[in-house]
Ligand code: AHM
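This document opens with one chain alone, in structure tokens, the form predicted on its own.
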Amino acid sequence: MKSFNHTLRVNNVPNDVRSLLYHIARGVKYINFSLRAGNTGEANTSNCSGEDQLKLDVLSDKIIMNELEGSELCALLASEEQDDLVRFPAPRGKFVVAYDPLDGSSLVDANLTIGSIFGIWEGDELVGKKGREMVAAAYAIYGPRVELIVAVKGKGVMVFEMNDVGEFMLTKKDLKLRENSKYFAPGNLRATAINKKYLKLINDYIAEKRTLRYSGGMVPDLHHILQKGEGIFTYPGCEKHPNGKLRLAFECAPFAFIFAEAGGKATTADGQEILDIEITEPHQRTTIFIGSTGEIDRAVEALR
């Protein structure tokens, strides 16, 4: 198996992007060590969205922040756990990184799989950017195996697995999604109480004897779709979150970039491409339908 740095180098990933991804990989390794140490209690704090934080949320955020600052490649950092952007003085760096240091942390006490998500842009501002302008995106999944999935613009999707000495080694490359699927992962089922079209779509999936795969964590559910090469994840709005619950910069745009590199698609519930949505503020939310292209087109049409 080829090493992380060697794989990126032979795939002609630019040196500065490769170096930044290396620091992200180091951060993922240290987050995994913290998870295995079992420091999962509450921090008695909440993030800027009002969500209760675990000690792991706070620690994971510090780990990623320190790694990215130490890279000296970042002009601006945006964390899902922090209200304020972190800006470094010029000419410190040339990249903007938006990240969710521990996505799905509410699943920790149930011992379910969680992850980390990263989006990378060139420049020194996040507001005004679109997902399509990203140069790379990545996510980590902390399961029975720790994996880091990386997509670099025009280079496809690569999967790296952490070995027993903490090194990431290439296990798969050029992941691709089929157009249609038997798998569905329906998020925000509460919305079916008022959205009858969404209810009908879910009932149609059941009537077609499709396979349900939904854990309540965005990282494991989307990872399942990528690994199987097919599927659809849906998360429409509801009364409490009419514009959706998931964050554009920290979650949806990075995954939309990765899925596009794999030949998939990501749109809002009304069909707008996630990659074409301009970021107007760091914590803005969006609906998202993501997965196999044929399934996304069908779902969006069903909800019109």
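Numbering starts at 1 and runs along the sequence shown. Treat the numbers as computed from the prediction; the structure is a model and nothing was measured.
The form predicted in complex with the ligand exists for this protein as well; it is not shown, and the discussion that follows is about that form.
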With the partner removed from view, which of 154 to 162, 100 to 108, 174 to 182, 123 to 131 is the stretch that lies within 4.5 Å of the ligand in the predicted complex, judged by heavy atom distances? 100 to 108
Could you spot which one of Leu246, Leu59, Ala262, Ile279 gets a heavy atom to within 4.5 Å of the ligand in the predicted complex? Leu246
Which of these residues, Gly166, Gly143, Gly229, Gly217, gets a heavy atom within 4.5 Å of the ligand in the predicted complex? Gly217
Does any part of Glu80 reach within 4.5 Å of the ligand in the predicted complex? Heavy atoms only, please. yes
Arg190 within 4.5 Å of the ligand in the predicted complex, heavy atoms: yes
Using 4.5 Å between non-hydrogen atoms, is Phe233 touching the ligand in the predicted complex? yes
